[in-house]
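A lone chain, given as structure tokens: the form predicted on its own.
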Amino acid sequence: MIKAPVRKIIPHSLVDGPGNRTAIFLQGCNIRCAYCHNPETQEMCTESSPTEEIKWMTAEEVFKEVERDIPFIRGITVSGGECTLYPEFLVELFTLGQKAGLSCLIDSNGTIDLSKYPELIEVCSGVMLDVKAWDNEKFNKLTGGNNRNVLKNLKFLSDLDKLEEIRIVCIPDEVDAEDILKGIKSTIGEKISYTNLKLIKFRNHGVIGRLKEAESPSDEYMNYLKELALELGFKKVKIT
């Protein structure tokens, strides 16, 4: 049976998608964000090297924990780390969730080409996609990775109406937020009018990377980005 390394399960969350949801965090990430707020979830692990914090679980085992709260939750969201590193596990978990009438969301950094996993897209209700930088050089400086698949997934998910939310962590001089907003507009066009956009104000709580001492952007800057987004045609914009 397919297992995945589960770092944490939060039975009730109001910040991991619409409504009250159970949030499941998987261990392991394929990039290293300088502003990562969950650095403990980055390291990859194997089933042969378990730790007290990580439990290798089947989809059925995870869903047994989810079932306890079904009367009180709207759906489940799987995050990480990077949960799309475990696509087969997600297919099994989301199949169980869909049968129980739950919406099933992915919170992803977008670096895995999701077009290669049609079975996952079929049972997934939507993806909350982090767009960390538009320029690949800036993306690499920020994460050590490549954003080719992020931009590909943006178009792919939008075309399928599976783009639940776009998230941008805002840090002046580090994240090209204005270019991201304009790039999103040029990529998905008029669909931005019904695409949720979350502008996340960077905070250095828990950050251990090179940005651990960086300051949060001003309210004025965040409001400027919101106004720019609205001018471009976004209608569902939230600052957090």
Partner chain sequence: MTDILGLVKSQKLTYEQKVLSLAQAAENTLDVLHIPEKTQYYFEKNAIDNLFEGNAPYRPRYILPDYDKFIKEGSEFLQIEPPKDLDELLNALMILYRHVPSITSFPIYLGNLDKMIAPFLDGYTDEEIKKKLKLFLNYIDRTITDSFCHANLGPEDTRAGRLILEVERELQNAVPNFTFKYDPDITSDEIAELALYTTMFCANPAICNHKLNKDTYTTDYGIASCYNILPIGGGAYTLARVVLPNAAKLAKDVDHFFDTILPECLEALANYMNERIRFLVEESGFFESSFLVKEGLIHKDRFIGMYGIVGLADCTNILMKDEGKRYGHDKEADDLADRIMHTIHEFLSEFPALYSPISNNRFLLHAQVGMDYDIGITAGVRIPIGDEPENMSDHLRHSARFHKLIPTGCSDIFAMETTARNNPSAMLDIVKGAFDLGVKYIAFYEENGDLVRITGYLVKRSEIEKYKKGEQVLQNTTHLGAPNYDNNKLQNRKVRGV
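Residue numbers count along the first chain shown, from 1. Predicted, not measured: the structure shown is a model, and the values here were computed from it.
Unshown form predicted in complex with the partner chain; subsequent notes refer to it.
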I'd like to know if residue 68 sits close to the partner chain in the predicted complex, meaning any non-hydrogen atom pair within 4.5 angstroms. yes
Check whether residue 217 has any heavy atom within 4.5 Å of a heavy atom of the partner chain in the predicted complex, and answer yes or no. no
Would residue 230 count as touching the partner chain in the predicted complex under a 4.5 Å heavy atom rule? no
Contact of residue 138 with the partner chain in the predicted complex (heavy atom, 4.5 Å): no
Per contact check vs the partner chain in the predicted complex (non-hydrogen atom within 4.5 angstroms), the hit among 141 to 149, 157 to 165, 125 to 133, 72 to 80 is 72 to 80
Kindly indicate whether 11, 17 and 238 are, all three, within 4.5 angstroms of the partner chain in the predicted complex, using heavy atoms. yes
